[in-house]
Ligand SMILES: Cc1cc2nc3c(=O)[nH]c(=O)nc-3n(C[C@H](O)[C@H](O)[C@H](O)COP(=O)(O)OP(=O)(O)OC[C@H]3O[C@@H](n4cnc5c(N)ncnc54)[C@H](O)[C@@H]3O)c2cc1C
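Form predicted on its own, single chain, as structure tokens, below.
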């Protein structure tokens, strides 16, 4: 039997949230709550929660030099609307995130705080060099995405803290996100890839950023593949070299959804598809491809 939640507190302001989370009651911050039942059924005890969903604030704020600040407690639907076509990788990730009703409730902060290596929005945030902005009653701190992701279901979120926002530099000229899943909607990623880069007048990619989910204990940057692609001509040979380099940065496992060997082959093939080196997978592939439209 799932243990009951004994108390719920509603934060009306950010200061309210700081105070309620610092009372020593082991209360956890809650925004969308779409993963709460899943975690409790898996054995996690959640005796008390502090509901952050009523906090005011703009979902997306434009800063100097084109940077963005995204409210971690805003719904994914509101984040997507506020992006207004910018940041294509995150827009793609939100578009394939569960169902519309869940996107209306789920939040960026919630998806990030679960620490799932298969979280849909995290590869886009990692590829963008996002900075997680945390707060508690007596402190504020900023943590890079690389440092925030510690392992499966483990993130650098200390007692009494909650994710207030995410800071992102100016969106790139091109980007997107693609996931491979057991079906075309409402499915956990078997492998996911987010990318962003700029294209110079000769078609060479610069400022290349690649991040992959569900292939390691955390979402990971594909730094070897990035190095192969950076400033190189867009040729089949370069694409093949980049795909071969993917294996150095991933550590997939066998689980109920897919085998490690399948994930390795899928990861390399997914990057080659994104680079236009091979055509998209045929329907005979044992998993559905959910593709982006931003190239």
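Just so it is clear, the model here is predicted, and its values are computed rather than measured. Numbering follows the first chain given and starts at 1.
Keep in mind that the form predicted together with the ligand is not shown, yet the notes after this line are about it.
Asker: Going by heavy atom distances of 4.5 angstroms or less, which of 246, 266, 31, 229 would be at the interface with the ligand in the predicted bound form?
Answerer: Result of the distance check: 31.
Asker: Just one of 250, 36, 239, 258 has a heavy atom within 4.5 angstroms of the ligand in the predicted bound form, so which one?
Answerer: Looking at 250, 36, 239, 258 one by one, just 36 meets the 4.5 Å heavy-atom criterion.
Asker: Could you tell me if residue 196 has a non-hydrogen atom within 4.5 Å of the ligand in the predicted bound form?
Answerer: Heavy-atom contact with the ligand at 4.5 Å: absent for residue 196.
Asker: In the predicted bound form, does residue 167 have a heavy atom within 4.5 Å of the ligand?
Answerer: No, residue 167 stays farther than 4.5 Å from the ligand in the predicted bound form.
Asker: Applying a 4.5 Å heavy atom distance criterion, does residue 92 contact the ligand in the predicted bound form?
Answerer: Result no; residue 92 lies far from the ligand in the predicted bound form.
Asker: So in the predicted bound form, does any heavy atom of residue 205 sit within 4.5 Å of the ligand?
Answerer: Residue-level check for residue 205: no, no contact with the ligand.
Asker: Among 210 to 218, 197 to 205, 119 to 127, 138 to 146, which stretch has residues with heavy atoms no more than 4.5 Å from the ligand in the predicted bound form?
Answerer: Contact criterion met by 119 to 127 only.
Asker: Tell me whether 52, 109 and 187, taken together, all sit within 4.5 Å of the ligand in the predicted bound form, counting heavy atoms only.
Answerer: Looking in the predicted bound form, the three residues 52, 109 and 187 all sit within 4.5 Å of the ligand (heavy atoms).
Asker: Scan 53 to 70 and write down, in order along the chain, each residue with a heavy atom lying within 4.5 Å of the ligand in the predicted bound form.
Answerer: If the 4.5 Å heavy-atom criterion is applied to the ligand in the predicted bound form, 53 to 70 yields nothing.
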